Ligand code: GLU
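Presented as structure tokens, the chain that follows is alone, the form predicted alone.
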Amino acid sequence: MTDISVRFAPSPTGRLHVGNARGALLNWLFARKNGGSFLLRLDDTDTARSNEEFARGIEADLRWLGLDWDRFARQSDRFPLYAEATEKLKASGRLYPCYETSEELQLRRKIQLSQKKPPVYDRAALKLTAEDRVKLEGEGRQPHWRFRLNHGTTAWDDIIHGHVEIDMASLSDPVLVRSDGYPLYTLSSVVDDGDLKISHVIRGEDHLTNTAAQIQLFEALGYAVPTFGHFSLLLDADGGGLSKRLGSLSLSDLREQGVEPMALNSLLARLGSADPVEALTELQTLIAGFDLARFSRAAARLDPHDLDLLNAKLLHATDFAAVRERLPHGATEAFWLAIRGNIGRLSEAADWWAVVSTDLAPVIEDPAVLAAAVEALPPEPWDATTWKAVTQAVTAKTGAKGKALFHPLRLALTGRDKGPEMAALLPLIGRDRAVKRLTGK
């Protein structure tokens, strides 16, 4: 196998969202599993919409996910290469000038559709004489440039879709250069992939048809054709198109909402594959089991509820050392082990730290039960057996059992009617606070 090299190529015109993250993650996992290289390429040729703040945000989002890169490139630094490729294609006769306006092209498409014909560019510009072109340019028209496709069949073996064949006569010759000389994505992407020796292009299936034209462009420019893999697009939980809210949900939004990066990685790495989605705490585990060939052509469904469940499961299995720096000041391992099974977001740990370490307004539901509990409190130090000893003593004195016993005690001691095991919380609360809360003072 040739050296493996893949790329993630976002445009710095906005923040990364879940769809972007999936593409980045699958490419990164493929590279790491195969001992290859991962390139971060910023497709920033749209100077009007690209900005440095978005570029920095993309890098921050990838680091948050734990995805590092081995190489880095910006398309804005590579315009001379695109110009060179343009001249090469012109010289070979594969790039030809066209003078139609967008309105004229739209009218032609409408006519073709009304005649039940596919809306494919009719190559009228190839019939123009040199005199025709001079006349059009004299009228102020500047040409855009189309890549002349070789008709016939273009085929490739896709890692996910298997053998794919495209009838090239069904496609319009793609525009590679605008009338202002600006290179478009099809050209710049192929030049970069070829020049930077990208071995595998792994991207969404919405690019499947584009790939046929790009294969011909790779060949016309003398580049090695990469291996392609097109993964399915994300659908919402009901099987429809990804909702506007979820589709635009940025990684920065998820981070602010307290989503753990490995919860998102765990979900996105397995969606659409034959492997079960599991709450994994390490990227290395995802790498070990990753196989792009196990991905299906069927669309993948993303349910926000699944992300919430994974986030909770992940926290329930996370060691204290992994979260120590993100917990409230003074929080101990005993505290973390006591509360981690009852939280869905790490931010909730602060609420439970307040429960065990600050003064709370008492909630008195059954004074007799609480008074009996005060009498039963032993001297400290306390451990996990203290709660059982206290509740047994209260039952012996008052006869309270079940909910009548536990609910008023939990409510008074924590201010909440549910939460972590009281056997673990009571030693953290301590005797002085427990007495204050049980007596209402």
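None of the values given here were measured: they were computed from a predicted structure. Residues carry their position along the shown sequence, with the first being 1.
Below, we turn to the form predicted in complex with the ligand, even though it does not appear here.
- Each of 7, 185 and 203 is positioned with at least one heavy atom within 4.5 Å of the ligand in the model of the complex.
- Contact annotation for residue 207: at least one heavy atom lies within 4.5 Å of the ligand in the model of the complex.
- Among heavy atoms of residue 189, some come within 4.5 Å of the ligand in the model of the complex.
- Annotation for 42-66: the only interface residue with the ligand in the model of the complex is 43 [heavy atom within 4.5 Å].
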